[in-house]
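Coming up is one lone chain in structure tokens, specifically the form predicted on its own.
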């Protein structure tokens, strides 16, 4: 069995935790969810929620990992042996998220290659529908993306996870800034900025509030065990609160920059900002095809998306990997081989749900839609709810141990026991409608 790893430095932990949070949730999901929920007013509410309510479960998950020094199942078991099944829900959630999230990673790889030779595409909507419904090629790309995430995880904390994040995160930041500059220089770019930063308070409603809260939880990777596992690799860190705010600030900055990159371009070419999940794979490629050096810019954008997908993908795999390694006393390579097999067996039929298996429905949803619904609307908030209740009511964690400021500690305690659980219950109920 591999010796239990620890972070080589505080910087390594921060950049990896940021890599976990900054993923497709920021670059792919955030812009279209914002576009569907009123633009600037959604952004304002999102920032408030992610800095207040979401701060609490994020800090709590990292702290429980640091406190127990164990992976998810072991952490829950060390609190009470009867809680093991609740701990096991975290790696299971990670595996199920991988099974549909990594499919999008495969799409991104295709679009990187396609950006160099997209001249023949006339209808990007038709191309996207045709591509994802193919029976073989998307499956191969999905397997390739699964392999990449599993490969870096198998190499361990120092030589795999840390190195990957230290390479991909700076690349992501540089490409994002480059694309923001290009987008801001497009004609009528100010219309996109107005959409992002000039709030329309008439669009403030309960649906939008829940959408902002759900996006905030999703993007921070809370509730799948990744952050608890990362927290368990921390030995001594007296600035955990500062680390959490660094993660939140970085995550929010990337999301805002992604919006600044996308919305000016969308408005510049008269597109709709609420075009949904197809915004990245249909609307943006159409825009790229109409601007100078479009292929180069398109390639840069999808490489950016790839970097974001890989860093968060690694964190999703790490939770189940750590559980297999520590529960069954096996090596990382064996654990990752098992995970590659399990994820692939679920991901392949899920990939085919856009084509051959489109008629296979669970609660009137395709496999892809069902896994997205099950994990995002139920399992992630439910796992977070369980951990907050366990920490606040069973462990009775005193916020002053983590947060030195007395008033902030009291707010943390109150939020952990009451505010966050109520917010999560509202999310779950709304998600089930």
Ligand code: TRP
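Residue numbers count along the first chain shown, from 1. These figures come from a predicted structure and were not determined experimentally.
The same protein also has a form predicted in complex with tryptophan, omitted here; what follows describes it.
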Run the contact test on 25, 101 and 226 with a 4.5 Å heavy atom cut-off to tryptophan in the model of the complex and return yes or no. yes
Name the stretch: of 252-260, 169-177, 217-225, 187-195, exactly one has residues whose heavy atoms fall within 4.5 Å of tryptophan in the model of the complex. 217-225
Could you spot which one of 165, 353, 153, 312 gets a heavy atom to within 4.5 Å of tryptophan in the model of the complex? 312
In this chain shown alone, the residue from 97, 280, 247, 146 with a heavy atom within 4.5 Å of tryptophan in the model of the complex is 97
Taking the shortest heavy atom distance, is residue 316 within 4.5 Å of tryptophan in the model of the complex? yes
Exercise: residue 380 in contact with tryptophan in the model of the complex, heavy atom 4.5 Å: yes
Flag residue 21 as yes or no: does it have a non-hydrogen atom within 4.5 angstroms of any non-hydrogen atom of tryptophan in the model of the complex? yes
